[in-house]
Structure formats: structure tokens, C-alpha cells
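Taking the form predicted on its own, here's one chain by itself in C-alpha cells.
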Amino acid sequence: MGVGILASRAIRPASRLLRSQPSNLFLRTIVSKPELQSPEAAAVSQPEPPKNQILPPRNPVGGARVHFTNAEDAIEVFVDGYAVKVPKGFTVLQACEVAGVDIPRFCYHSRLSIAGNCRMCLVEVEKSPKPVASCAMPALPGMKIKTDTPIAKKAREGVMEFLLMNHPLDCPICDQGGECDLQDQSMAFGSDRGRFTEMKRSVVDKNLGPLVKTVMTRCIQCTRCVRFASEVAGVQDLGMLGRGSGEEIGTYVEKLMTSELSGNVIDICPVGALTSKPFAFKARNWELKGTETIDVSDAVGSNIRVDSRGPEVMRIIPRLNEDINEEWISDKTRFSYDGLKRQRLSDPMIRDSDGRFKVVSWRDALAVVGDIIHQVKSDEIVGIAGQLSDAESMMVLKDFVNRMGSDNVWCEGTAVGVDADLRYSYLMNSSISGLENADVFLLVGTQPRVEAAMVNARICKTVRASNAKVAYIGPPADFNYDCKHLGTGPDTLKEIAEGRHPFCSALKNAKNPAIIVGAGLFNRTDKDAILAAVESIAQANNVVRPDWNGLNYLLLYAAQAAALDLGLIQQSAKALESARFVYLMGADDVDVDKIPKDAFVVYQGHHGDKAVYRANVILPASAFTEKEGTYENTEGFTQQTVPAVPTVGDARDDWKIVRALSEVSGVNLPYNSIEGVRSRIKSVAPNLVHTDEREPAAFGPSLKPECKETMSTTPFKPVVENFYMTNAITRASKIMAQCSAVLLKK
């Protein structure tokens, strides 16, 4: 009796469950493909393509091009039946890219050393007993590579399953969402289910500073960031700790990442482990409009993409340019964008009798300036262009000041009497990419790490690749590669020029010696003697030859090269002290204490920075992200900015403001459009209208007359005190202020 009751109770719930199910229940079935259950058998059963079959041509991945320096170095391999020729030393992955096959990868990066630890790039190679990692396997003559076989697919599915085993389901809240390699490749190459049911591991987040946000639980241990830090940035801040499931990326002793290139780990991280801290939770990448333009924070002219949403710049990321910045940018370029929306000048203003600024119309502001400029003598008019000025605005400013009868117009960073007659005397003559061919560097009065971070990255790359020697003359500095400090001032330079220094033997024996002179020396009173000594060293050590020009000048500002080409050079040291009318076009680093108390000062710019406090009239102008302008970088490469966002308030382009002022002042300039300004530039400096071209200097030191001056014994001084705050935009940036406080310990 009791057993029957127990049996009926056991059966009753099951019968209720069966009755409650609808009659049209859809039963999900799991179907497994036979070729994935037994990939070896499926591979054997696949038919081979006919030998005489002509396969359609394929385009290489990403427009890759192969250059053979020697025809004998070419080897032929077969990728999925396609015959391709690649140079000796190419890996299987590179051969597949040339054949038009995109191999999935996480740890491999074309500019970093090969790690081979993610195993996502597995392919099948004929006569190999198991799939091989294509990133680490060299291509051999006649090798037959198969990328789309069931064995390769099964291997990738297995690798992806392992990678996702401990990866958190953070995609909805992850800033990498929408541009994540792990998302894309798990969709393309992964399975639709996983078999891991245990607890996922978690990792404590690291504090790398105010720029890089870490969520280390998402890390897949590809070690890209570790290799970037040690090989490109030149700092040993990151490393791999632990083994097995306890393995994680860290800094061993807790410290911040202090490199000026640290933001690039955000771009190379294939997952959301390293993301931008200022950009966190601000926008999704599909909401942003990308504008390809250039950076103006230094004289390198790095190629960038400005991502904006509406009127606001949301982030700045690098753009590929092999000749200038490769695919890296400095932290100042990447993170100073928030300065574009702080302390902006949006309306014309005039200072009242009580010292306060009052907002007025453009007509009233220009009328006041036009009246005042006629009340002073022509030689008392001074125009100074700022370090962020474009070539068009400097050309218009020079024409306006000249038409008013004055020659006192110059650009920040160019002191009295700078020789601009021969372009070799202020350009990087070997080009930025050409520095990779040098085997000995002599740095004179320059610290590339803070003056031009991308040039410093090239030197670091050359030192790692070819063990090039680097020597430095200047104040004590921190270099991220082996560098011999020869001395602090002109005395050491004089010893080398006279052949009495031990380093002379290294210069003599070098195949391609390179000398890099800092533009900070242009402001010294004995600059002519110093530059003459440098040129004598160049001539004595075969630095300048028909096939190699290693005499380089590293400029500081984006406007400097174009200003020297256009002839904006200070003629008199007393011009500013005797001025009665001073026109500052974005010039914030001018010593305003030298301006006489009774002088009338017009400040035209986009930020309320240092010089605006001395102004009598303020004219708001556009920033580089809001206008079209021409810039020339330190190697003489001409590029243009492209407007990404609208101007702020009632601001106008710089050249338009000066052109309107010329009309109010009664000296009409003969152009009304930017094309007209560029036509005028073409008559003065034709190289500035040849966009995206580098115009090398035509003549060398042999044409320069002998210098009679003597060098002083004053040591060289550092030019850049704070890497993160060098112009009006960076000084207005909250992010750059945090970097200065935290990373520089100030």
C-alpha cells in the first residue's frame, strides 16, 4: 500500500508536466557537422582543385605591397592554391596577407616582436603533423598553406573557446565595444557555445596613471602592451607576472606608466583591458564622426583622426603615415583635446577704462583697431605670430604689417637674425624616416623625448634595430635608450669641432652619421658661432654627401618651418620694447613685460591664455580643429588641417580677421579667398602649396660665409620644462594638468 502511494506521487508531477506543454512545442536540436567531429577525415575527403585551373586574382590585405630589393630573394609559396611570391624571411602570416587572406590574430603586431602566444593564427601546412602558428613560422620555398580547412577551423574554435573561458561578459559596458578584435573574431571564427561551467577568474585592476584605464580581468595575455612599452616606448614599466591561471600583466612594484607614448597601448590592446580613461563611458564609436587631419602640438605634424559628436571633439586617435609618425602619437597629441572646450574666446571684446573687458560687435572691434593703428608711426607697429599659426594666416599678417610700413613681423621661436636664406639651416634634412639609416647620432642642445616625441621614437627604434650610438651635448636629461652624455655646453662642441674629443673617432668611422641640433639654440646670442661649429663638424666627418644629408635641425613649433619659409624673421632685438602697436596672433609665449605700458595690444586667438591679460582688444579665432590651414613640419613636409567641428561662438579664421582689418585700415589686401592667399604664398614659398609632399633643401653648408663670432661658455639650457603644457590648448586642458601633477610630481 505504501509503495503504491509513493509510486503514484512520483508519476503525477511528470504527467502534469507533459499535459502543460503546448502541442506545437519547438524542440531545439544540436547538430554537429561531421567535418568538425572528424576534421582529419573531412580534410582527406575534400577534392583538390585542378592543377591547370586559373584562379581569379586576389587583392592583398590592407593594400599590402611587396618590394624585392633582389630578385633572387623571392620565394614562391601556395596559399589555398594561389601561388604568391614573397621575400625570404617573410612569415606564413605575411605570405597569407599578400595572397589576400586575412588570418585572425591577437598577439601578432607588425611593428612589434613576435610572441606567438595567442595561437589564434593557426593554419594547416602540408606535411606538418599539426596546425602551425603562422605568425612565427617562416615561409619556405614551395610551402603549401591551407587557411580554410576543417582542421584550421577546429583549431581556431578551440583557441577562441579557451580565450573566452575567463573573459567577462562586459561587452554592454565595455568602451572597446564596436571596435573590439575579440568581438569580431569570436563572431567570425568562434563556436556558438562553450563548455566551461566553472567560476571565471578575476584580476585586480592596475593604476597606470591618469590616461590609461585598466580592467585587467578582460586581459587575454597577448603581451602587446608589454612589447610596445619595452620596444617602442623604451620603458620597462610593464611585464608578465605569475604562471598558469595566475598569470597577469602588471608593473611588479606598483608604479605609474611614465612614458610620453603610453596612450598607444589603448590602440594596440585587442580587447577592453586597456582603454582611454578620459574617454571612458563618453560615447560609442558608431556615434562619432571621424575627420582625418594633422596635429599641431609640436613640429612633427603627426597624422591624426579627430572623432567628434556634434560640436564637441570626443577623442583623437592616430592615423597611419609611415614617413612621419608610423601609427603612434604622443600623449600630448592624444589627450589634450579637452583643452579645445575650456577657456575659449568666443566674442570680440574691448577693454574699458575701468580695465574690464566688454563684448562688442566685430565692426566696432575692427574700427577701434583701425583707428589706433593710424595713430602710431609705421616702425612702431609689431606683428607676432603664435606657435599654432597656419601658413595662410602668417602670410596675411606679414602682408598687412608690411603694407602698414613696418618690417617688424616674426613668429614665436625665431630670434633676431636667424638665417633663413638657405632652407637646410632649419630643416631636418635626413627626413624623420631617414633617421633609421643613421648609425651614429650627435644631439646638440636638444631633448627629443620632450621636444618631439615621435622623432625620439624613431631614434629609439634605430638604436634597437642597428645598435646605433647616441651622444648628447646639453643639460642632464632622461633618455629611453643608451646615450653618452659628452658635456653640457659649447666647450664640448668646440672640442669636437677641433678634433680633440674622443667621440670624433666614432663620427669618423660612421657610415651615416647624423647631427640633430635643437631649435632652442636659435635664441642664444652666440647662435651663429654654435651653428658654424656644428657645420664644421658636419663637413669634417662626411655628414653631408650627395647620397646622405645627416645635418638636421629639430624645430619646436608647428608654425616655425612655414614662418621661416615665408620670411617672418625678427629684424631688431629692440622692436618689441619700442613698439606702440602690438598685434599678437595667438602668440602666448611672448614676454609681455617687454611691451611698453602705453602700447596698444591686440590679441587674436582661440584661448584666454597668458598674453590675453595684456590685451586692449580681443579678437576670437578658430582652433586647428575648426579651420582649414597649411602647416609644414620640421622635415619640410607640407600638410593641411581639415575642419572637424564648427567654430566656437563668433570666432573667425585667422586670415579672415586680418584681411577684414586691412580693409578697415585702408590697406586692402589683394585676395578675398583662401585660394587667393595660397596663390600669394606660391609666389613667396612654392613648396607650401605642394600638399603632402616633402621639399628637400637644395643647397648645403658650402654656400654659407665663414663666421667670425666666438662661442660663449654658457651651458645649454632645457627648452621644454613641462612636456604636457607647451601651448594654449594644452595649458587649458584638465587632462594635461593631471598629467603634470601626477607624472611630473609638480
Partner chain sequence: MAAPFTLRKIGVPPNSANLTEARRRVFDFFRAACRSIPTIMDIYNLQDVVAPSQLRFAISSQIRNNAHVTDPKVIDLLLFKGMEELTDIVDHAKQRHHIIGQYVVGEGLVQNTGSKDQGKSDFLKNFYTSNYF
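None of these values were measured; they are calculated from a predicted model. Residue numbers count along the first chain shown, from 1.
Although it is not shown, the form predicted together with the partner chain is what the next lines describe.
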> Of 159 to 167, 648 to 656, 374 to 382, 248 to 256, which is the one stretch near the partner chain in the predicted complex, taking non-hydrogen atoms within 4.5 angstroms as near?
Replying inline: 648 to 656
> Given that the partner is absent here, does residue 466 sit within 4.5 Å of the partner chain in the predicted complex, heavy atoms only?
Replying inline: no
>> So in the predicted complex, is the partner chain close enough to residue 481 to count as touching (4.5 Å, heavy atoms)?
In response: no
> Does at least one non-hydrogen atom of residue 672 fall within 4.5 angstroms of the partner chain in the predicted complex?
Replying inline: yes
>> Using a 4.5 angstroms cut-off on non-hydrogen atoms, would residue 664 count as touching the partner chain in the predicted complex?
In response: yes
> Just one of 342, 594, 403, 363 has a heavy atom within 4.5 Å of the partner chain in the predicted complex. Which one?
Replying inline: 363
> Since exactly one of 101, 460, 575, 660 fits, which has a heavy atom within 4.5 Å of the partner chain in the predicted complex?
Replying inline: 660
